[in-house]
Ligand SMILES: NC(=O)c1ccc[n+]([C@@H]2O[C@H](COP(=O)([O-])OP(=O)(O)OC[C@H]3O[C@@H](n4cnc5c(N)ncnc54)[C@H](OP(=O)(O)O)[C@@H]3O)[C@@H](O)[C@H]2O)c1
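As structure tokens, one chain now follows by itself in the form predicted alone.
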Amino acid sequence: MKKIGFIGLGKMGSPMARNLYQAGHEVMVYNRTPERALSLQEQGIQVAQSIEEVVKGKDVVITMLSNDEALKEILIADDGVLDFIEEPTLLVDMSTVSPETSIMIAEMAKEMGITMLDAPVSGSVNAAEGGNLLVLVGGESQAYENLKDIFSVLGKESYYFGLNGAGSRAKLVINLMLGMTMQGICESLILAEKFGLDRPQIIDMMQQSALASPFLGFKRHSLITENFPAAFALKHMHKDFGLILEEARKNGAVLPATSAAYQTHKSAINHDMGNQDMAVIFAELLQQSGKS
């Protein structure tokens, strides 16, 4: 069993930290907003009062944060993780951030003798709670091998893609597919609405077709009821589309449909839908189509 410092207790981070604790690891957590740690503390998990406390003496330090800016603030700002972490502690970032940020921080850590993996996860809150995430890893292969026991607690499968930045790139690939799948489902339903077809029956048809997927089943209730509690908030998908398009620009990838979907998400953000589930893009398209 390992001593783990876990930083970032949002909707994904909290169940991930809990699963590691329940698997027998010695877990200490830290969050910039202390109130988010209270439920874990009540379950017996140690809560650190500072970054220094959550980092010192650990085998592994895991970060699970919302974006590049939050990650940089926790890791490389004054009194951040890199000010306190010491060899042989391994650093694992499981946030969805740009590959450039992952590589930059990994290089800074390497200069200090610290090995860092970028290991973002694919899956929603339900997958995090059930330990059914996909873990997508970039960094030193031996570090990946050493941490497979941790990844096996958090996810049903882990994939090693190569050097630092490769895990972050793989996450953008899968999230492009995620966002475009949601966009495609919603646009199909918009057309069905305009045709006057029964929405539940259309979804039943989709679920019996060659295009059926568990994802559609997860979103079925929200799409029928137009109630969108966040499993994966639209603001995060919007952020990821921005990262995807920036990386596409840098690498010469032409993604016209993704560019169009990004604009729809931007409009939904402007209509204060960002904190709702990504399926709320259906409500945005209904509004644009005069059906709301």
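Quick note: we count residues from 1 along the sequence shown, nothing fancier. Keep in mind it's a predicted model, so treat the numbers as computed, not measured.
Another form exists, predicted together with the named molecule; not displayed. Remarks below refer to it.
Thr96 belongs to the set of residues with a heavy atom inside 4.5 Å of the named molecule in the model of the complex. In the model of the complex, at least one heavy atom of Thr33 sits within 4.5 Å of a heavy atom of the named molecule. Mapping the unseen interface onto this chain, His271 falls outside it, with no heavy atom inside 4.5 Å of the named molecule in the model of the complex. Though the partner is left out of this view, Ala231 does reach within 4.5 Å of the named molecule in the model of the complex, counting heavy atoms only.
Only one of 52-60, 24-32, 246-254, 39-47 lies within 4.5 Å of the named molecule in the model of the complex by heavy atoms, and it is 24-32. This chain is displayed alone, yet in the model of the complex one of Val125, Leu82, Ala106, Leu172 has a heavy atom within 4.5 Å of the named molecule; that residue is Val125. Interface residue among Ala143, Leu176, Val121, Met206 relative to the named molecule in the model of the complex, by the heavy atom within 4.5 Å criterion: Val121. Counting a residue when any of its non-hydrogen atoms is within 4.5 Å of the named molecule in the model of the complex, the hits in 70-99 run Ala70, Glu73, Ile74, Ser95, Thr96.
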